[in-house]
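Okay, so here's just one chain, in structure tokens, the form predicted alone.
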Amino acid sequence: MASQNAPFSSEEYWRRLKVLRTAMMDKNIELLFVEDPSNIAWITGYDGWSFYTHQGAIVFHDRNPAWWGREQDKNGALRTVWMADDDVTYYPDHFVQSTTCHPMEDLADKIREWGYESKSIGLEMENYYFTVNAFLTLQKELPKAKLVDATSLVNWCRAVKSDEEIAFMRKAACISQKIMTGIIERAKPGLRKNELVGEIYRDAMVGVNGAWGDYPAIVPLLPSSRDASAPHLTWDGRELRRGEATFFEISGCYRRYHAPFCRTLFLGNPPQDMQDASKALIDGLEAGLKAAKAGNVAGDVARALKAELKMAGIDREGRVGYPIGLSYPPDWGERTISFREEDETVLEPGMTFHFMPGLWMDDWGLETTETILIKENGPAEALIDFPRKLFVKS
């Protein structure tokens, strides 16, 4: 029987399948295999730390999806997917990290059993989890099949969130707010960063108001001083020091749904150029929120932000936001739309983004960002209620 632990209603999963099957037909894909754990979860409900081995979801046009993975993880699938037990299939353990055989040999056998060995098969060819050897093995085992690049096909279907998904993201946002509140309260000169991160994880896992915390797809990022000129440094055992700015990029996570945001804290008296940059960044963020409305395009958000920064003499290159929602490590982004000037994707109600116009200068960095929801009418909603400013403590 279907698992009672799947996070969403069966109606929600059928809604997703309808959207996905339409996208498959548009690409003339008769069978779809996805290995991205975020896409597997979105299709099947499967949730487990097993993505270090080959696993996937197989999507048909005329039957339930199938979960496929390591035999050891079969019971995890039976406990979490929404489909029937017969829709869970697996490969024997001797395929795992073997030098003489590959799990895709087993998948190819199953594809032949299902009668798709000569069909058009979609694969996520640009993906963290689908390897070169995986592709080459399928190509060798299924010489009559047409292997089609279906990179990001599922990701684009995930772009507009359902009401059920948005409810999860609001819970993640509450956890994010709790985490940042704790950071600002605890941070002080002399506090070791690893100790602060321990408290961040405690707040993240305990959750809030009955919403339990899950592990985020990205670890907390909290570089200080010159290190903050680089956007993706994590933490070490050094102490927070007076006279330095630290930005904190974190996310609460609930049932794999994220709500990332950032704030910057200066211990002491911040220099005037940093104060000016913070004001310009916040002005740009608020201009971008007004531009982030249904019917506008993604590029409008970037242009609105950068116009404010330019008036302050700041030339900000690169994208300033990306879609978010359900995710697994190593990234909480959905790898589709970007808030950059040349992106002409039309914004639709239900889309969710991390609007993150960080500034990384030569010897300091500054981040003030928001998780936002595109609404039916009017500007985007920031899901996290937290002061939008440069925080200062002595």
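Residue numbers here begin at 1 and follow the sequence given. Just so it is clear, the model here is predicted, and its values are computed rather than measured.
The form predicted in complex with another copy of the chain is left out here; the points below concern that form.
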Given the stretches 111-119, 265-273, 165-173, 128-136, which is the single one in contact with another copy of the chain in the predicted bound form, using a heavy atom cutoff of 4.5 Å? 128-136
Just to confirm, with a 4.5 Å cut-off on non-hydrogen atoms, which of W42, F51, F355, W68 contacts another copy of the chain in the predicted bound form? F51
As a check of understanding, the residue in T80, N296, Q177, T89 with any heavy atom within 4.5 Å of another copy of the chain in the predicted bound form should be identified as T80
Partner proximity in the predicted bound form: K290 to another copy of the chain, non-hydrogen atom cutoff 4.5 Å: no
Consider D36 of the chain shown here, and say whether it contacts another copy of the chain in the predicted bound form, taking contact as heavy atoms within 4.5 Å. no
With a cut-off of 4.5 Å between heavy atoms, is G76 one of the residues that contacts another copy of the chain in the predicted bound form? yes
Non-hydrogen atom contact K146 with another copy of the chain in the predicted bound form at 4.5 angstroms: no
Though the partner is not shown here, which residues of 359-394 have a heavy atom within 4.5 Å of another copy of the chain in the predicted bound form? none
